[in-house]
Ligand code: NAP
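The form predicted alone is given below as one chain in structure tokens.
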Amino acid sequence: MNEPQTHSRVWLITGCSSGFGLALALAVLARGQRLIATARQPSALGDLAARFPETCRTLALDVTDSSRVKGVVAQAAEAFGRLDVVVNNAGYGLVGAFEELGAEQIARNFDTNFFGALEVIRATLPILRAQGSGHLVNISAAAVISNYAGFSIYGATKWALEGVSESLAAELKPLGIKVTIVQPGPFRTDFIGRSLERAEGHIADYDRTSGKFLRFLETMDGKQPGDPAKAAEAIIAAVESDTPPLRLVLGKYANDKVRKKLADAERERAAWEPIGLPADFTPTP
């Protein structure tokens, strides 16, 4: 790991009113770096601005309001003259069997978790390209490592964001812009309480699958093993590295999950290799 750089980076973080966004905002400001903190209700960010009046600016931003995103990003860039790190953190969970979810619920979840992040990225890329530097940090989820019954749409929004992030990493590397996907396990935020929407319908047939998963989540609320403050320090360490990871996996749960997923995937691939491998054209002698 490289030593932290001495200059004061300028961060733009979405969804700073609670959870990872707030923990990361506090950690960034405590290190003397500069921050544009955004939230749908900027009044929720008053304490940040009061504690760090010289280095923190707050802006109202609903990432689903595409007409405002570009203007807010321009204001953010003007606040301190540049942008170095853009963190797409705004988002929320949606739990329920796929068949129980309403069409509007599905659309809203994609609008926030996926399309909202894309709008922020689209607005910030011209600024980062002009600088010839920058770092995009996209907050994903353990549901992408392997998904759960009840998280079909939430997981899909994060899968989509990771797919875009992988391509962006290849496109932006020659331009001096880095991309990191953060895959957190269960952390002690208000995700399960304040940031988790339930399906609008109920079908008893799914009580043993998605229903069981929801009940499990509710029992975990406030008992998650992950420490948001330590997660924030890990994200900052990745940003300060000269060779940041494409994926930063946070916490024991998520790291164990990745190891199991990779091992299971290789076992399945090897088992079906005799069927899948010969699918190419037979070489002409």
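We number the residues from 1 along the sequence you see. Remember, it's a predicted structure, so these values are computed and weren't measured experimentally.
Just so it is clear, the following notes concern the form predicted together with the ligand, a form of the same protein that is not shown.
At a distance of at most 4.5 angstroms from the ligand in the model of the complex, none of the three residues 31, 83 and 235 contributes a non-hydrogen atom.
The stretch among 203-211, 171-179, 134-142, 70-78 whose residues place heavy atoms within 4.5 Å of the ligand in the model of the complex is 134-142. The shortest heavy atom separation between residue 112 and the ligand in the model of the complex is within 4.5 Å. Although the partner is absent here, residue 129 lies well away from the ligand in the model of the complex, with no heavy atom inside 4.5 Å. Among residues of the shown chain, residue 240 is not one whose heavy atoms approach the ligand to within 4.5 Å in the model of the complex. Taking non-hydrogen atoms only, residue 215 never approaches the ligand to within 4.5 angstroms in the model of the complex. Shown here without the ligand, the chain has no residue in 207-236 lying with a heavy atom within 4.5 Å of that partner in the model of the complex.
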